[in-house]
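Below you will find one chain, with nothing else, as structure tokens; this is the form predicted on its own, and questions on how it binds or moves follow later.
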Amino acid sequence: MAEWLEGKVVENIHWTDSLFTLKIEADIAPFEAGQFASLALMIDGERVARPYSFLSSPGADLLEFFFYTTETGVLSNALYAVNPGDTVLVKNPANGFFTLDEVPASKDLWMLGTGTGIAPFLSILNTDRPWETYENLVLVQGVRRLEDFKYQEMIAGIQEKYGERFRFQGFVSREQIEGTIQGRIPASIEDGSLENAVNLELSVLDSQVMLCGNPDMVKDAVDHLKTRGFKKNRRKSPGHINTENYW
């Protein structure tokens, strides 16, 4: 039965004025990489809650979450202001089906995300399972500006550990940055520039695709993939695409 537990804030990392990471100590039940937990604060006498994907992997000492704030984000702005030692409510157990249990085995696994939507991908990539299941793994992150790329040391560590089996490709929509693609992820699927950049083909025979982040990116990318023969995964009808909106 679901319950709210008190979690203790251990660290609040302010990357930018709108990007931050919380590390929380909470005694929750084991979760699967790719799942999410609802976090909550009491605001004006009411419990305000929202689901957030784990960036930390199962078995980590602390629960780690990656956030983007907006002017209208009541909870995200309140979480931005918490300090070490403060209490954040964590719903137990975790939930969600954006996990490798729902993704068929294949040769290649593509993980396409925008902004903080890479959180569940990092959770998954830092476990053994994807490396035991897929030959090649591609992580794609789209951001607005260069300063929005975070966790690059973690990504570099994955690259060092797995070598040519792992590829990372960044997209920046509002700046021209060497080594990245300027523009949106869906357009790069349509024109083939993503495949050219990572030197790997998106193929219905060899590829599984996970998409997480801005709902517009997810929808448009799925539309372009469908024109190439990809279809969504269903438990009774396996396909190639798994999605989760994370905004």
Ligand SMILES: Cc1cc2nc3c(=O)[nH]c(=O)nc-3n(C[C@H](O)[C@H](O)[C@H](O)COP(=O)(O)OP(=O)(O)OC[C@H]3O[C@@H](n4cnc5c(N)ncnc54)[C@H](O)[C@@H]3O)c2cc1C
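The shown structure was predicted, so the numbers you read here are calculated from the model rather than taken from an experiment. Start at 1 with the first residue shown and count on from there.
Separately, the form predicted in complex with this ligand exists; it is not shown, and the next lines address it.
Asks: Can you tell me whether residue 208 touches this ligand? I mean in the predicted complex, with a 4.5 angstroms heavy atom cut-off.
Replies: No.
Asks: Although this ligand is absent from this view, report whether residue 58 comes within 4.5 Å of it in the predicted complex, heavy atoms only.
Replies: Contact check for residue 58: no, nothing within 4.5 Å of this ligand in the predicted complex.
Asks: Should residue 76 be classed as touching this ligand in the predicted complex when contacts are defined as heavy atoms within 4.5 Å?
Replies: Contact with this ligand, yes.
Asks: Within a 4.5 Å heavy atom cut-off, is residue 31 in contact with this ligand in the predicted complex?
Replies: Flag for residue 31 set to no.
Asks: Pick from 194-202, 23-31, 48-56, 216-224: which stretch has non-hydrogen atoms within 4.5 Å of this ligand in the predicted complex?
Replies: Only one stretch qualifies here: 48-56.
Asks: Tell me, out of 152, 83, 176, 72, which residue has a non-hydrogen atom within 4.5 angstroms of this ligand in the predicted complex.
Replies: By the 4.5 Å criterion, the partner-contacting residue is 72.
Asks: Any residue of 232-247 with a heavy atom within 4.5 Å of this ligand in the predicted complex counts; write them all down in order.
Replies: Residues within 4.5 Å: 244, 245, 246, 247.
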